[in-house]
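Before any questions on binding or motion, here is one chain by itself as structure tokens, the form predicted alone.
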Amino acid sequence: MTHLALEGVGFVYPDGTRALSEVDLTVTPGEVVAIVGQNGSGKSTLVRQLDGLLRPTEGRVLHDGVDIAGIRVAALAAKVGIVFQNPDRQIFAGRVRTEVEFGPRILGRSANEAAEAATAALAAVGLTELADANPYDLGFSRRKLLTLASVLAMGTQVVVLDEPTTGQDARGVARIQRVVEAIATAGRTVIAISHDMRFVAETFTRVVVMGAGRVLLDGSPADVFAESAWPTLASTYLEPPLAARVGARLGLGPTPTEVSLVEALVEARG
């Protein structure tokens, strides 16, 4: 499994815009990490360092202690799979199954292996019955699930999700949560960018808060959504999830269970 590390990473775009400054971050195999922050805080730039789509202008990125500066993107893609925020940036095939089989085939899997991987991935995201459909006949939420299936089929050691819940209803969010849990159970790493603080609090064991290209907070949901951290969250235009705010008022802490919330509310009503 792949151990990821960013050491003093900075990144400046060709137009002079600085997106990252002195980022130190380590992600161990099997971690489930959410990266949050306002638009422009450096989240997407950061995760694109992990598979070489962007290369740091300062510092270095390591996979298992090896600097990836000289490693080709194609080789890195076998370890780190990224599901982009906009599915239309990834979809190219005229058939759902063909789209999902493409990744495993590029990685050298046989036709049978690619087909088996695609079947499992489509089942995981609930698109089995649409295997023969044209991807562009699907709605936005299903196209998002299709790109997730495409990365799942590759079996990468690290899966990066950029705003995975965008356009999803409650059932879709629950499905993505199950997928994240399954990836983690298999010992693989999940890193997700998200503005959905409830999804983050309920799904991830570690939360990294970005602001102006720097890491502002890094800890468990209980730490990051604790009332003492609210001013830092506010500085990057984030609010803790509703459960954390209600939990703080009722003295239940930042990650109360539904049962404890209900019991406290019943008691408060007398």
Partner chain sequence: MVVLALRAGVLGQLVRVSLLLTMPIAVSVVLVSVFTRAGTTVLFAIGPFDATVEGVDFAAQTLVRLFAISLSIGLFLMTTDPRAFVFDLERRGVSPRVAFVAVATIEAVPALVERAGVIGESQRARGLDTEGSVRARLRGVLPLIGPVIIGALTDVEERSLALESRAFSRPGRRHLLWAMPDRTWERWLRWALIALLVATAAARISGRI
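Fair warning: this is a prediction, and the values are worked out from it, not measured in the lab. Numbering follows the first chain given and starts at 1.
The same protein also has a form predicted in complex with the partner chain, omitted here; what follows describes it.
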>> Under a 4.5 Å heavy atom criterion, is V80 part of the interface with the partner chain in the model of the complex?
In response: yes
> Does the 4.5 Å heavy atom contact test between R105 and the partner chain in the model of the complex come out positive?
Replying inline: yes
> At the 4.5 Å heavy atom threshold, is V159 in contact with the partner chain in the model of the complex?
Replying inline: no
> Would M154 show up as a contact with the partner chain in the model of the complex if we use heavy atoms at 4.5 Å?
Replying inline: yes
> Among L53, A212, V32, A222, which has at least one heavy atom within 4.5 Å of the partner chain in the model of the complex?
Replying inline: L53
> Mind listing which residues of 225 to 251 have a heavy atom within 4.5 Å of the partner chain in the model of the complex?
Replying inline: none
